[in-house]
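The chain below stands alone and is given as structure tokens, in the form predicted alone.
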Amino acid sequence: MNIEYLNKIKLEARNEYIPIVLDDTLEYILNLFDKKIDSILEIGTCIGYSSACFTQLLTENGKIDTMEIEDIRVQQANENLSILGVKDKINIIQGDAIDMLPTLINANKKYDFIFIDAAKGKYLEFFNYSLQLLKDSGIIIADNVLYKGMVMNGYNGHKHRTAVTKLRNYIDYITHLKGYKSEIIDIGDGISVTKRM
């Protein structure tokens, strides 16, 4: 991979306030797996930064499916992934994940790792679809679940109330879901990690 260009993407994203995975979150995820994996699903491609980084987790023939709704982001991701030299590992699925996830379920797709980093108000829907796409030994990680600290600090302001409420409901749901173990880890903007018991 073209590491110099990857760092350029990261710097530009930070300067332009484009949301990409934070360094400590990425480091945690990359260290979470003790062996290479075959399949990753990412809900929320953005500019392709995290997808590119996740290729480090893949086996030689491993693949990433990643979903993005915005046209401009799909164009940017395709360009970035091509320059980085990882485009052959990554399949960008353009469209609303709520519409696209059932097509993967119908195709009997299964993934070792599912990463949720899209519309915060839809996390619970994304998660429930993801359960149907997860291999028995798989892991679901959702990013930004603490949402700048607002989820756990009693925030009740108007601007972010819906997202914060839905993230609180998401955390409550996954931590009480029978047959699964979920933990909330306070790194980056907060992540949830869910595995089958």
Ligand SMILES: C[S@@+](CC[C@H](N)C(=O)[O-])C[C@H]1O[C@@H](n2cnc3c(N)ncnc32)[C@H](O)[C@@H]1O
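This is a predicted model, so every value here is computed, not measured. The first residue of the shown sequence is 1; numbering continues from there.
Just so it is clear, the following notes concern the form predicted together with this ligand, a form of the same protein that is not shown.
**Student:** Which of these stretches, 39-47, 166-174, 129-137, 55-63, has heavy atoms within 4.5 Å of this ligand in the predicted complex?
**Tutor:** Careful reading of the contacts points to 39-47.
**Student:** I'd like to know if residue 67 sits close to this ligand in the predicted complex, meaning any non-hydrogen atom pair within 4.5 angstroms.
**Tutor:** Taking the distances in the predicted complex, the answer for residue 67 is yes, it comes within 4.5 Å of this ligand.
**Student:** With the cut-off set at 4.5 Å between non-hydrogen atoms, does residue 114 touch this ligand in the predicted complex?
**Tutor:** No, residue 114 stays farther than 4.5 Å from this ligand in the predicted complex.
**Student:** Flag residue 119 as yes or no: does it have a non-hydrogen atom within 4.5 angstroms of any non-hydrogen atom of this ligand in the predicted complex?
**Tutor:** Yes, contact at 4.5 Å.
**Student:** Taking the shortest heavy atom distance, is residue 102 within 4.5 Å of this ligand in the predicted complex?
**Tutor:** Contact with this ligand, no.
**Student:** Of 88-104, which residues get within 4.5 Å of this ligand in the predicted complex if you count heavy atoms?
**Tutor:** If the 4.5 Å heavy-atom criterion is applied to this ligand in the predicted complex, 88-104 yields 95, 96, 97.
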